[in-house]
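Okay, so here's just one chain, in structure tokens, the form predicted alone.
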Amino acid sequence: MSIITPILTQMEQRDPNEREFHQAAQEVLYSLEKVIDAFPAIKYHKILERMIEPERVVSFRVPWVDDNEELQVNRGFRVEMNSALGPYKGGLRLHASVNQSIMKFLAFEQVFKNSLTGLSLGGGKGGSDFSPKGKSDLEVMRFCQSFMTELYRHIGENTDVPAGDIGVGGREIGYMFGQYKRIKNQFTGILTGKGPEWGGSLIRPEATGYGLIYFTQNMMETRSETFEGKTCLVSGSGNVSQFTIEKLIELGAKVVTVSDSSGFIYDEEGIDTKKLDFIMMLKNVKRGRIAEYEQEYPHSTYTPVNAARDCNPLWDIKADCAFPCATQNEINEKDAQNLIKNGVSVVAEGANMPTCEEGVKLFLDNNILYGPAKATNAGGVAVSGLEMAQNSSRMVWTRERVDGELQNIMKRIHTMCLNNSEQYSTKGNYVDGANIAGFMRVANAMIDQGYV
């Protein structure tokens, strides 16, 4: 009998309500089933059992005062999943949907993503069910200061180095860093995604979106294809989406969609640089809703979210490539069927686990070039690692050097995934390739370090 089944059964019995975490663990463990017999030490040292259990989970309350002078209380988390390769590294998410299951799934994925970069980084994730949307700058500042007043006890430049994620951009990172500095009386690189004037790295905001496209370029080269003239669907309108679109425009692609939690825009003419500038101003400065795009460009069509639909019409548009960059499980089985029906041949993930299990299977069965998030969106953490290196040396690298390093890292990740898929699974199955390549590096480090 497979050793995977009892491990998953025990995990589900221990944490029966952690659906997102179960989904992430199942995907990885079923890939690893292909290599377990070849490496007996994995069984002997119970690496799988240890890897799905976090080293530490911290949960805490976050009290803060709103602009009406009313006390509010949110819940904060930090999941420190695995430190075999280095200090815990992973973002902080501020969103109403945050719970322990989502934090554990993100931290688990982060372990493998960080391993694939080749950098000395462990995996972790954190955040709160606080949402910055609709809050004033002062409210966000008060929350961030309260959040860091507890979190500071658990992080450090050689212990755990958080970054941004959904709801956490330069503003939030700045408030948190300032509070840490105030409490500890230290100016150290305990957060990445900082402003470039005070320790941040150039192209850190662009890194996840650029890295996504660099990885996808490498995938497409295996079929002698380029982005020139390709029609692309992109979901989301935050950092990852914005710079995914920017790089696609630069490479000659035509992007026709963009979205937020309220709905999506379809622009048949394509989103050009001027339109992208408007999106960036709308989302980064004005903090408005994507529906305003239609008012600025009346030829476009805005479709509001309809929770009653069994699929997202954004994924039911004729195109060549799709880049889900919004949130987990945004592509269900019906969406995947629609993408295939409409001629999409490339799907690469900018968000974390945006495709459900059935959707992934459909993509693989239909020979879609499918790039899983732990490989394709590793560019963000890769440049975070480069930011840590710059902080340690008190140096600032040029934009060209950082971008060159990012391209090299994404090319190396692609090569590892492709080689491992060919050796242990099916060549071009980037799901198995990414899971196996990321796992083996962490597993070998855990074996070397003993029962810790």
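These figures come from a predicted structure and were not determined experimentally. Numbers follow the displayed sequence, beginning with 1.
The form predicted together with a small molecule exists for this protein as well; it is not shown, and the discussion that follows is about that form.
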Stretch from 360-368, 229-237, 269-277, 176-184 whose residues place a heavy atom within 4.5 Å of the small molecule in the predicted bound form: 229-237
Would you kindly say which of R171, R289, R75, H154 lies with a heavy atom within 4.5 Å of the small molecule in the predicted bound form? R289
Interface check vs the small molecule in the predicted bound form: of H95, K135, K247, K254, the one with a heavy atom inside 4.5 Å is H95
Within 4.5 Å, heavy atoms only: does K104 come near the small molecule in the predicted bound form? no
Close approach of G167 to the small molecule in the predicted bound form, 4.5 Å, heavy atom: yes
Answer for N82 alone: is it within 4.5 Å of the small molecule in the predicted bound form, judged on heavy atom distances? no
So in the predicted bound form, does E139 come within 4.5 Å of the small molecule, heavy atom to heavy atom? no
